[in-house]
Ligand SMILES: Cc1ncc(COP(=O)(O)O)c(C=O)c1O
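Below you will find one chain, with nothing else, as structure tokens; this is the form predicted alone, and questions on how it binds or moves follow later.
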Amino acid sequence: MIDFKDQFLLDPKITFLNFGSFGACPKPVFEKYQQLQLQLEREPVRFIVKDGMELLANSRKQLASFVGCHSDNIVYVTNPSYAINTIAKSFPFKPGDEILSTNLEYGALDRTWNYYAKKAGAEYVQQALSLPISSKEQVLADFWKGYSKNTKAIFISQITSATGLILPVKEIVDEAKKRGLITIVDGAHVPGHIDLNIEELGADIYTGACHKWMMAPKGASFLYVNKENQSWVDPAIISWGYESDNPSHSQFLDYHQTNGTRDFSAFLTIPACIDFMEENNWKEVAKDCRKMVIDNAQRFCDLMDAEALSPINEEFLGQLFSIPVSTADPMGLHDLLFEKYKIEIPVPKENDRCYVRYSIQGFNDQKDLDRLAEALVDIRKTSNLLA
């Protein structure tokens, strides 16, 4: 595996095993980002009104090609939380309606759906998925137990956050279509991580982060809405795009792309991200990363006297692995790992379980995971943070 450490700006004194949270920029992408910001500051009016808009259109087209959809159906947003807030705020709820989801979703988006559903007299249903997962069929059977005659849409992560699991979203979307449901997918961890073709997936609505596995600067994500559903999706901010004086060919783009003064330079780096991945054969890099994740997974489960959350294979695992741990103080464990052992790694809590979730990216090597293993062994011996 090639060492890409010198291609990133990360602190070399820190063992960085938390790429999944906010990603990290390669140097060429960050340099492009700074060039764009300088261009903005040197002539802000022309950049915001003309030059930047042309760059934005090109960037959106390249992103659309990368994720497999038409460029008129995708807009940039700062993060998936923004995207799902846009959808949930606009969703045509009626009293008694239900949105079917799982108990493994990202906490911020659980809050989003609960807020808007309650406001409308509807219900956000978090159907429990049994852990550990034994098979794809088990996930499907568990999920559809939550369906009722009141279900109007499904909301599900393609890759879960705390547990780092790849869910059988294609099969869920296909079944949801048969039942006449709107399909909304949180793909925050997907672009640049596992293969993605939104049109082949068939989801009505999809959001993904570019600042995670695509390695863009922070605050670069997207919202996809197919044409059949664009009419009810209101912009989060009403601005010049609404009833535009100079409307484009797409009301969806006008409404959601033009929403006030902002530095949208991060959105414009996507072509540089794609170039970086192509120049460095990132599909092979990702393949090596997945192998490292899988090769080490059982070792960590044995170390923590835990059972893996799924079969240890590429059907359920990408470049993330969540090790079940027994701790009463996940934040204390996180802080100790960082402060004493110089390891940046999340310790998420979800439902009644806690995990240590490692991410593997091109700059990681086996020594990084060995340091984590040594640290966990030492913590079990010297503190009461791990049972």
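Keep in mind that this is a model prediction, so the values were computed, not measured. When you see a residue number, it is the position in the sequence shown, counting from 1.
Quick note: we don't show the form predicted in complex with the named molecule, though the next part is all about it.
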Which of Thr258, Asn79, Asn296, Ser90 has a heavy atom within 4.5 Å of the named molecule in the predicted bound form?
Asn79
Of Val139, Leu100, Leu109, Met214, the only residue with a heavy atom within 4.5 Å of the named molecule in the predicted bound form is Leu109
Wondering, does Ser161 line up within 4.5 Å of the named molecule in the predicted bound form on heavy atoms?
yes
Does Gln366 make contact with the named molecule in the predicted bound form, using a 4.5 Å heavy atom cut-off?
no
Counting only non-hydrogen atoms and a 4.5 angstroms cut-off, does Asp186 reach the named molecule in the predicted bound form?
yes
Could you confirm whether Ser157 comes within 4.5 Å of the named molecule in the predicted bound form, counting heavy atoms only?
yes
Per-stretch contact check against the named molecule in the predicted bound form, the hit in 188-196, 141-149, 247-255, 266-274 (non-hydrogen atom, 4.5 angstroms)
188-196
